[in-house]
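The chain below stands alone, shown as C-alpha cells; this is the form predicted alone.
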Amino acid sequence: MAKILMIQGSLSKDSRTAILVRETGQALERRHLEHETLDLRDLDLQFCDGRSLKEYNRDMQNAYKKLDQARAFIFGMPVYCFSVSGPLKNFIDITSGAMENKIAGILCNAGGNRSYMASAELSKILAYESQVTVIQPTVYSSYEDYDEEGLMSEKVKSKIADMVSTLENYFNK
C-alpha cells in the first residue's frame, strides 16, 4: 500500500486542484516516494450522518482502509467561500479515524490570490479531529498560476518540491 496517499478534494470536472495534485505526484515520483491518489470525483460519496463506518458504502470503507494503511497524506484542497469544500470536509468527517497521529501536507487551490488562509481551516480540522500534524510549506495556487498547458508557476512548483522534501525527511528519521 502507498506510503503517501494524496486526496484530490475537488469535484470539478476541469479541476485545477487535480492538476496541482498530479504535479505533486510527479514530484513524488522523481524522489521515488511510494504514493497513490484517491480522487473524490471517483467515489460514491455519502453524507456523514454519524453512522458507523460499516454502514457506509464500499467506496467509503475502501477509502478508510487506504487512509489507515498510509503513513502520510497530501490533501488537494479547493477553496470555496474562503474555506474547505463541503465534499472534502464530509469525506474527512467519515474517515478521520484512519488518519490519527499521522502527517499531512496541504495543496490549496483557489480562484484568487487572497484566499491563502483557507488552508488554516483544513489544518485545524485535521489537528482537532485526528491529531494530524500538518507539515510546511503549504502549497497555494490560484488561477494566475495556470495556463492552458497546466501549472506554469515556478514558485508553486518550488513549494511543491519543498513540501515533498519535508515529507521525505520525515520518512528518513
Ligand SMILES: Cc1cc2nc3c(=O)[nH]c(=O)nc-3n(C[C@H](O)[C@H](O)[C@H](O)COP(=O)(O)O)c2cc1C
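On a predicted model such as this, the values are computed, not experimentally measured, just so you know. When you see a residue number, it is the position in the sequence shown, counting from 1.
Beyond the structure shown, there is the form predicted in complex with this ligand, which is absent from this document and is the topic of what follows.
- Although the partner is absent here, Ser10 lies within 4.5 Å of this ligand in the predicted complex, judged by heavy atoms.
- Using a 4.5 angstroms limit between non-hydrogen atoms, Pro137 is distant from this ligand in the predicted complex.
- Although the partner is absent here, Ala110 sits close enough that one of its heavy atoms falls within 4.5 Å of this ligand in the predicted complex.
- Remark: Thr37 does not count among the residues lining this ligand in the predicted complex, judged by a heavy atom distance of 4.5 Å or less.
- Heavy atoms within 4.5 Å of this ligand in the predicted complex belong, among the stretches 121-129, 59-67, 102-110, 23-31, to residues of 102-110.
- Applying a 4.5 Å heavy atom cutoff to this ligand in the predicted complex picks out Pro78, Val79, Tyr80, Cys81, Phe82 from 46-82, in order along the sequence.
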